[in-house]
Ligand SMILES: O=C(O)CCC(=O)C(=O)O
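Just one chain follows, in the form predicted on its own, and it is written as structure tokens.
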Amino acid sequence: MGREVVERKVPELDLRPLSNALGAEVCGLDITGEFTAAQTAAIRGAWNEHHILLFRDVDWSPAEHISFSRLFGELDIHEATPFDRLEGYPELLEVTNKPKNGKPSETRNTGRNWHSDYAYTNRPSASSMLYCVEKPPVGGDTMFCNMVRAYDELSPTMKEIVEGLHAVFDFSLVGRQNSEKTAELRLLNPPIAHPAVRVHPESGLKALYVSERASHFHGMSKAESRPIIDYLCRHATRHENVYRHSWHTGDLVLWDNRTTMHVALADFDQTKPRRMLRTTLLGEPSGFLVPKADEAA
């Protein structure tokens, strides 16, 4: 006798749209307990459709954060930015403006330009899961844009142009404070070129993969590349293509780095603490290192 259909049915999620452009809040689902394969598949399906998912009022430990994240793929241990890892948990990045070891935090100004995570590595992040531990009374928002829609709304001629390009991502454009650690991170992460249009491996959707951290297109000079990069970034980050997230303590935001960009806003009193923890799912190997001799003038 065959298994009943009810056992194979993927449960429906209670989703609330976050904006017209992208994003959905998952309501009424406790993610701190055990998960079935069907529940994991339902979350993955909603994530692929909406690009960003939000869970509210999450209260968990670093170990629980890591355990939940592993349901969706292999986790990065953040060797590209080893100084930013949470002590004892290499799978977690700590993004905070709180001093560490008596010194200003290296991550206090992280993410201040439009980007997708770890684009400057040879395995750019598939997705990220950012958990709000502590937030300032006002501000500290993050904005996200839909790179699938940005690609879809290009003219056929511009699509043809960008699909033949590789964007060169440069760690020096990350915008960190200059320090000995910053210089070391630049050596760890030399310029790398990735296709300017990516195909999502699960949904099959095409998305732009160009950001403010792209210095130029491979085979083109910086002067030739800059107007195209600037146009694509402006096009992608138009108000109607953006969701702005105002954080609450206990928020967990999941975003797909292959179909979105984001920017962390400096719209808060820096004397007030802000502390976030992030897991990062490894993406597919991509791109090629740009030889020093080939870097654009």
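All residue numbers refer to positions in the sequence shown, first residue = 1. Since the structure is predicted, the reported quantities are computational estimates derived from the model, not experimental observations.
One more form of this protein should be noted, the form predicted in complex with the ligand, which is absent from this view; the next part is about it.
- Highlighted residues T110, H115 and A264: every one comes within 4.5 Å of the ligand in the predicted bound form, counting any heavy atom.
- Although the partner is absent here, T142 is a contact residue: one of its heavy atoms lies within 4.5 angstroms of the ligand in the predicted bound form.
- Although the partner is absent here, A196 is not a contact residue: none of its heavy atoms lies within 4.5 angstroms of the ligand in the predicted bound form.
- The shortest heavy atom separation between L185 and the ligand in the predicted bound form exceeds 4.5 Å.
- With a 4.5 Å cutoff on heavy atoms, W60 does not count as touching the ligand in the predicted bound form; it lies far away.
- Note on the interface: of 46-54, 231-239, 23-31, 255-263, the segment with non-hydrogen atoms within 4.5 angstroms of the ligand in the predicted bound form is 255-263.
- Between the ligand and the residues A207, L130, A126, A80, the one pair within 4.5 Å by heavy atoms in the predicted bound form involves L130.
- In terms of contact with the ligand in the predicted bound form, the residue from A119, A150, V95, L92 that brings a heavy atom within 4.5 Å is V95.
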